[in-house]
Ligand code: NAP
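In the form predicted alone, a lone chain appears below as structure tokens.
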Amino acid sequence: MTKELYEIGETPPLGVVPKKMHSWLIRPERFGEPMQAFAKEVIDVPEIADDEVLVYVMAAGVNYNNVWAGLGIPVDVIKARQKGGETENFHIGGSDASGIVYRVGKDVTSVKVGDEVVAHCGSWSKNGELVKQGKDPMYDPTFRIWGYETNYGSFAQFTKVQDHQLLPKPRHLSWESAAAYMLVGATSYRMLMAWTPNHVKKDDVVLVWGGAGGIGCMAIQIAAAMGAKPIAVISDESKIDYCMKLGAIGCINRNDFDHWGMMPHWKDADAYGEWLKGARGFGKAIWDILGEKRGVDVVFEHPGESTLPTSIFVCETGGMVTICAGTTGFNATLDLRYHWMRQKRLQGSHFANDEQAKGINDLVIAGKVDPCLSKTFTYDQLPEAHQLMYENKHPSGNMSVLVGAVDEGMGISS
């Protein structure tokens, strides 16, 4: 007889879906820091559409998007969905998951009950105009980040996803490691591999900002797997060994330089000259690592406002700066003389499509990219994991929370 509710770690029989589930919920009246915003509740297991899959969550990844969801800024994701016609007054976050397929919609043929899977967080309507035209679904107006812009993410016993979001779980990984890499890995893969002809190739020099961070540790490994020469930018000498073990050929401590920030106006000769001195010094640090005087083929950017002027400056003629965020601010300044005369490319990038998610998953399956799991939390510690991230006290690499897998190390196939 099916129970109405199974406790955390009490796995239902394969394919048996109870009526209720344990979940971590964010509600508008609790908006604030993670320790305040998240609360455990029991709710109904969601119904799935014809092209959706219900996955029993074994582990969930921790990402900053659900720190934002808990704060209610920069977007109140609950109110945004209600404006679109949804009725729920809560948010279940979680944009990374590993788990087991428990139910499939009638149109689903790509997975079956019992499959061990990982989920990527790109969702879109198959009826979107650009999707129907065969264009990149990332550009379609229906694109949403699952578990942030959509509800019923991985911070619950069951999550619902579109069938195309699911990929095979790497057999050599534990559940918690398998839940740690997809969002950051697919984001990094698109940044480095999608923008032909500037995709990373053998012997390219790749400058990776935040080399020890969640996306940075992925970028170093992807570049190394392509035979490129990644150089990591770090903020602490203690991170050098970590980045070098991932495949970096050298590291630069950004705290050795003080020219960061928006570029001075070119008419202010003294201030501009001082900035240029700092930028050239940073470029020389790159030369010293390479043993030759040359620029960077691909710059992997996300700090934005403070670093972009230097990133553009050190980029090689015909090279590319690819950027997915602006963690230091959003006002981008650059010297256009260096930009147009040397025909450099500034490319925005955001998450990934199915092909790129498969690209990173294939590298993980092949053992060429490690998830860089740094810390695993229990289900009860989920708010704590996000609080560490909010306070920037989280360890290098990526973090996961156990859900159905109550013990670390579960899920490795023999």
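What you are looking at is a predicted structure, and each value in this text was computed from that prediction instead of being measured. For every residue, the number given is its place in the sequence shown, counted from 1.
This protein has a second form, the form predicted in complex with the named molecule, left out of what is shown; the following refers to that one.
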In the predicted bound form, does each residue in the set Ser125, Tyr152 and Gln165 place a non-hydrogen atom within 4.5 angstroms of the named molecule?
no
Partner-free chain; cross-checking the named molecule in the predicted bound form, the single residue of His259, Lys239, Arg144, Arg103 with a heavy atom within 4.5 Å is Lys239
As a check of understanding, the residue in Val77, Val200, Ile234, Ile312 with any heavy atom within 4.5 Å of the named molecule in the predicted bound form should be identified as Ile234
Given 28 to 36, 370 to 378, 42 to 50, 348 to 356, the stretch touching the named molecule in the predicted bound form at heavy atoms within 4.5 Å is 348 to 356
Please determine whether Trp209 contacts the named molecule in the predicted bound form, using a 4.5 Å cut-off between heavy atoms. yes
Next item on the list: Could you confirm whether His302 comes within 4.5 Å of the named molecule in the predicted bound form, counting heavy atoms only?
Entry: yes
**Asked** Closest heavy atom of Pro170 to the named molecule in the predicted bound form, within 4.5 Å or not?
**Response** no
Taking the named molecule as it sits in the predicted bound form, is His22 near enough to touch it, meaning that at least one heavy atom pair lies within 4.5 angstroms? no
Those residues of 15 to 32 with a non-hydrogen atom no more than 4.5 Å from the named molecule in the predicted bound form are none
